[in-house]
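Only one chain is given next, in structure tokens, and it is the form predicted on its own.
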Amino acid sequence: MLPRSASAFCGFYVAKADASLYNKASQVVLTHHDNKTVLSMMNDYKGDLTEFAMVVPVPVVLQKGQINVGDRKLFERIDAFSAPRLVEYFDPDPCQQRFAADMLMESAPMGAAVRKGMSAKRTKSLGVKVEAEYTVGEYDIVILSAKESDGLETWLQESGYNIPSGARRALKPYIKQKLKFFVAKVNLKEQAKTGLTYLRPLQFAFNSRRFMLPIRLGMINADGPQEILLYVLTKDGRVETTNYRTVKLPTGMDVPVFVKEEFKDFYRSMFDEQVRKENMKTVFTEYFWNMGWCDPCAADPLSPEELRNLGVFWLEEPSSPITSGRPQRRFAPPGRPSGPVPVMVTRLHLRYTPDTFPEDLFFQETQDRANYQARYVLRHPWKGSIDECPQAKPYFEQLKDRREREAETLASLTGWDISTIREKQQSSFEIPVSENNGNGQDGWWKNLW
């Protein structure tokens, strides 16, 4: 094996922190370009399907063709591709010729009973207008407009939707902006036909100059802080919020090797600590990269067909090459892109309450194209003897210093007790002690018996 220069993103991928870490995290894919938006929302609702409803503000009256029932696997794919990851390296043998050191949602579900019929006269008297009604897949969908928030609240309640207290106040700003309301409930007969035990994601496409995600309605009946994993697909640059701070998570840190067995606990604690430091008022970037390649890869890039199913409508346009100066690890399995494609994925993660995020999320696509991933590094020590060669002793002295820096880094990232961290380091690998006692005896007797 010949030595080669090391890339900042090279390494052996060994673990990822995907959405399965979070029990109540909403997942949303937001595809946006040229004032065209496709919003895909994963329903994590658990309970009686007759009690499910989703209410989402939308800028226009949606036609039936603008609404689609998607595939949950697409969320699993983009989650796996963009998930924070753990990579590992192995220290070379210091007694041999040295190689290069580095080898190679929207809203939470709102309770609702089956909608009862309401007379057109009563609907009109409340200032509510049913703009359209559709059944798409297993969902019955109504598009509403309203003049007053109390009238809309009354209509929803009288139509069988169990709206929680505070809905009127949350609905009012959207009515003032003259937005419509996308209301979906489960059609039990159609749901039974699918044979599925879960609700498939809903998707809708629309034109609007607003690049945003409404989150306030989802806070009405929240029983604590909520969490969103948001995957934003754009054509050119990294996406950030304009009305909240957007911060990249700490990345590239060396952490102790025992974290390999505790990566999920590590990442959960690390994210908790960063949220605490930012007073739960910040949107965190976990990933930004071109969809055509990755390094190291937690999963293969999505295929052109999968991207189109998530709303990427511009793929037929020619792509322009990316020149980053780094080696590009590309994949070309059947049906998948080979190298850079004109689709950038920004993964955003936020935890919020009504007090810390009083406004909806507004976004902008920046000119930043620098690759970024939440990535944490294990460096496995060489496991030879300290007396094996003259280079071994200084190697292990440096290893002691490195392990202490790793312990301090881990404590700072997670808030974990540093004494416990040091104990785990010692259990995972004990730095050897020389058998030479310093009086000239160099272990000459080891081969006698």
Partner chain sequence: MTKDSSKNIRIVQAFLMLSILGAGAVAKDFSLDPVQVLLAFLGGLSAQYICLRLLGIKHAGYQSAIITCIGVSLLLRSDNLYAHALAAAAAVISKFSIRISGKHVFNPANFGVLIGLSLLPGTWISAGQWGSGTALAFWLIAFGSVSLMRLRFQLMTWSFLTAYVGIFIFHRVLWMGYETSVLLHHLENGTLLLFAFFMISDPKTAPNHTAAKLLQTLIVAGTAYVWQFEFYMTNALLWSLLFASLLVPVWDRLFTAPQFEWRSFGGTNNDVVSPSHNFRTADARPIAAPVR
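On a predicted model such as this, the values are computed, not experimentally measured, just so you know. Positions refer to the first chain, counted from 1.
The same protein also exists as the form predicted in complex with the partner chain; that form is not shown, yet it is the one meant from here on.
For this session: Given that the partner is absent here, state which listed stretch (79-87, 173-181, 253-261, 127-135) has heavy atoms within 4.5 Å of the partner chain in the predicted bound form.
Result: Stretch with heavy atoms near the partner: 173-181.
For this session: Report whether the minimum heavy atom distance between residue 216 and the partner chain in the predicted bound form is within 4.5 Å.
Result: Contact with the partner chain, yes.
Exercise. How about residue 247: is it within 4.5 Å of the partner chain in the predicted bound form, going by heavy atoms?
Worked result: Judged by the heavy-atom cut-off of 4.5 Å, residue 247 is in contact with the partner chain in the predicted bound form.
Exercise. Is residue 366 close enough to touch the partner chain in the predicted bound form, meaning at least one heavy atom pair within 4.5 Å?
Worked result: Residue-level check for residue 366: yes, a contact with the partner chain.
For this session: Tell me, yes or no, whether residue 240 is in contact with the partner chain in the predicted bound form, where a contact means a heavy atom of each within 4.5 Å.
Result: Although the partner chain is absent here, residue 240 would touch it in the predicted bound form, with heavy atoms inside 4.5 Å.
Problem set entry | Residues 47, 193 and 198 all lining the partner chain in the predicted bound form, heavy atom within 4.5 Å | Checked in the predicted bound form: no contact with the partner chain for any of the three.
For this session: Find the only residue in 281, 122, 276, 189 having a heavy atom within 4.5 Å of the partner chain in the predicted bound form.
Result: Result of the distance check: 281.
For this session: Name the single residue among 265, 305, 272, 359 that comes within 4.5 Å of the partner chain in the predicted bound form, judging by heavy atoms.
Result: The residue in contact is 359.
Exercise. What residues of 372-408, in sequence order, lie within 4.5 Å of the partner chain in the predicted bound form by heavy atom?
Worked result: Residues within 4.5 Å: none.
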